[in-house]
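In structure tokens, the next block holds one chain alone, the form predicted on its own.
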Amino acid sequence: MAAKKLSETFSKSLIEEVGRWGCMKQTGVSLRYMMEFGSKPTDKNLLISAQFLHKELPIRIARRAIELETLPYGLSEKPAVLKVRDWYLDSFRDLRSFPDIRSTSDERDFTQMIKAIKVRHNNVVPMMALGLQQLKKEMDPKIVYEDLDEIHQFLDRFYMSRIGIRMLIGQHVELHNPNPPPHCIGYIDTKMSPVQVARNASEHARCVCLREYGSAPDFNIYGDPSFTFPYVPSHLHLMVFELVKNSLRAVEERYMDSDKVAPPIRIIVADGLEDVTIKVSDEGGGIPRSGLPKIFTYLYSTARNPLDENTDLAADKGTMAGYGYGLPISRLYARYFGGDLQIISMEGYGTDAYLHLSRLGDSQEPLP
């Protein structure tokens, strides 16, 4: 499928409008603000939220559409990247052609539209990965991928922005839920137990490991299960799943042909005044120091790329090793609400991952 040139698919006036909106200032919101604002999802508040998104989303989407047009090394011309660009431009057009939101019925229509936009963008990550694979096949294999800084910086901005857009849309849509789960305001659980979420994510990762290898190391979780703080459980699940999955895989592969019992993964949840920190420790042999800079790059994975054998982009049910996106994207999720992710390794022994989550909830979204 040959993706068409920009001017063949989209009108000149739309392209000019994207240029104008891409220059406007973005407005960040904090976890605390989302929580306080969403705690009273009255018709009036939902109207205010929809009016904000009607202006904010086109700015964020336009910025990404412009960047998708100007990527280095010919990445912008790759069919998969052109497809992503078209999704962004279609969404920009949908938002801009929607009239001003003045009534509750306008707000409901708008909510349905942004819900459809979110679905349209579901496969952006695997599609961009496919675009990078298409680029990698043509590039000189002697090029060191972590040297492709420009691409990595673009992807960090691009995926961070995507996390923000999906959080804002998802939060607004979820505020319409007539029966929200207890303590939940949209996507935010005001009484989230990190121990419980870590346990669920670890069980999930262990199931994937069992399915892939036929066996899986155990894991032990240490921490107070009754401790809670406000956070987005789906974000935490994704991050812990990724870290535990990496650890399980490292240990499983190290002990696969050994008579020794594979040592369990240790997951420690600590609640400090500023941060909640989750440490995932394994004895999977560690990462050589020369490999550490690569683990947060998007073109590095020690596993085969599932898209090589399978270009069907149906929702990935979770494989043990993806297309090398798990760690960099997990770090963006942590940073989105003011946290961070650090990896410390002892080659010949194992790896410790430290996931820091800000307890304060008042840091603004990073706006690339």
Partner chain sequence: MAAKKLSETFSKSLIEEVGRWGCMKQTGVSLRYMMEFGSKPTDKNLLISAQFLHKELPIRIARRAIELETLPYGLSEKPAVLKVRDWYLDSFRDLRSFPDIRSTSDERDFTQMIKAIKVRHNNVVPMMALGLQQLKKEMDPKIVYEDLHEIHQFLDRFYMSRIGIRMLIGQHVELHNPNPPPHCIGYIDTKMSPVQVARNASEHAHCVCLREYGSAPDFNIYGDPSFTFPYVPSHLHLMVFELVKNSLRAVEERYMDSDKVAPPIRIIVADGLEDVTIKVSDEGGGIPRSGLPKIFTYLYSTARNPLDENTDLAADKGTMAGYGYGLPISRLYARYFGGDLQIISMEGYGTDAYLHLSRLGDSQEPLP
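Please read these numbers as outputs of a predicted model, since none were measured by experiment. Numbering follows the first chain given and starts at 1.
Below, we turn to the form predicted together with the partner chain, even though it does not appear here.
Contact check for D106: every heavy atom lies farther than 4.5 Å from the partner chain in the predicted bound form.
For the chain shown alone, E69 is not a contact residue for the partner chain in the predicted bound form, no non-hydrogen atom being within 4.5 angstroms. Contact check for S290: a heavy atom falls within 4.5 Å of the partner chain in the predicted bound form. Among residues of the shown chain, K279 is one whose heavy atoms approach the partner chain to within 4.5 Å in the predicted bound form. A single residue from the set Q51, S39, Q342, Q26 has any heavy atom within 4.5 angstroms of the partner chain in the predicted bound form; that residue is Q342.
None of D218, E174, D224, E274 but one reaches within 4.5 angstroms of the partner chain in the predicted bound form through a heavy atom, and that residue is E274. Residues with any non-hydrogen atom within 4.5 angstroms of the partner chain in the predicted bound form fall in just one of 122 to 130, 266 to 274, 235 to 243, 156 to 164: 266 to 274. Every residue of the trio G338, M346 and H356 has some heavy atom no more than 4.5 Å from the partner chain in the predicted bound form.
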